[in-house]
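Here you get one chain, nothing else, as structure tokens; it is the form predicted alone.
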Amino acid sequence: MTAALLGYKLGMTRYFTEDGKNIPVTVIEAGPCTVTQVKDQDNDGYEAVQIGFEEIKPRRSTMPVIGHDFKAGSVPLRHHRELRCESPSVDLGDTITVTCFDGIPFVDVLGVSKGKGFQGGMKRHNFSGLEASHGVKRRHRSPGSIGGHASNLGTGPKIKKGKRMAGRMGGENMTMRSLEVVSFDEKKNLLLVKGTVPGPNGALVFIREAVRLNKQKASAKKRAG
């Protein structure tokens, strides 16, 4: 089974190595998670493992969730996530801790980016704006003309899809790929990864073993293994 956990982003700090190197890291409270369901080819048509995270009071849950988690011998859990895998090596009710990332140099972190509400074209798409010199009309943050994209053949008089304009910004599913695992604390269930993680402090994130590496990180993984 691929190593994976649910957790909360706690924030960023710095990590000093033994040789005095300063590494910016994100601290994640990863797990422990309970295996709430194991799917197989015969019953479900595919193989997968579902994990649950963070115990909650039964009155804050629903009867279907209470019954579902009870089959795994667990109290109701707040968050659930499914992970596709071939020949799962875990059983129903097992507990997965942050030690599952021991020996794994790189992970992917999935989360939801910070929502920034309705924003203009300059902030949303990094436009430079109009000139601010003498004689220019005071529309410096205007996105400019949209006439060139005001019609699309066969679809009527409307803006073409994908035209970069003002609109809702942030609040999207993001995946930070191939973040380096710097350290982990088994007692406090903390995972330290190099770099940034999507979402604000306290946001729910899903951590899994990296599925795609560039040449430099792939060679580093071979040397570590």
Partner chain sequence: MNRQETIESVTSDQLKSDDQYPVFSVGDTLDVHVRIIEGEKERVQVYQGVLIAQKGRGINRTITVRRIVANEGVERIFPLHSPRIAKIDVVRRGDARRSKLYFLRERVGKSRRLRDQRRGLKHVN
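Positions refer to the first chain, counted from 1. Predicted model, so just to flag it, every value in this text is computed and none were measured.
The same protein also has a form predicted together with its partner chain, omitted here; what follows describes it.
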| query | finding |
| --- | --- |
| In the predicted complex, segment of 38-46, 65-73, 160-168, 196-204 with a heavy atom within 4.5 Å of its partner chain | 196-204 |
| is_contact(residue 10, its partner chain) in the predicted complex, heavy atom dist at most 4.5 Å | yes |
| In the predicted complex, residue 187 touching its partner chain (heavy atom, 4.5 Å) | no |
| Residue 14 within 4.5 Å of its partner chain in the predicted complex, heavy atoms | yes |
| Proximity of residue 27 to its partner chain in the predicted complex, heavy atoms at 4.5 Å | yes |
| Partner contacts in the predicted complex for 36-65 (non-hydrogen atom within 4.5 angstroms of its partner chain) | none |
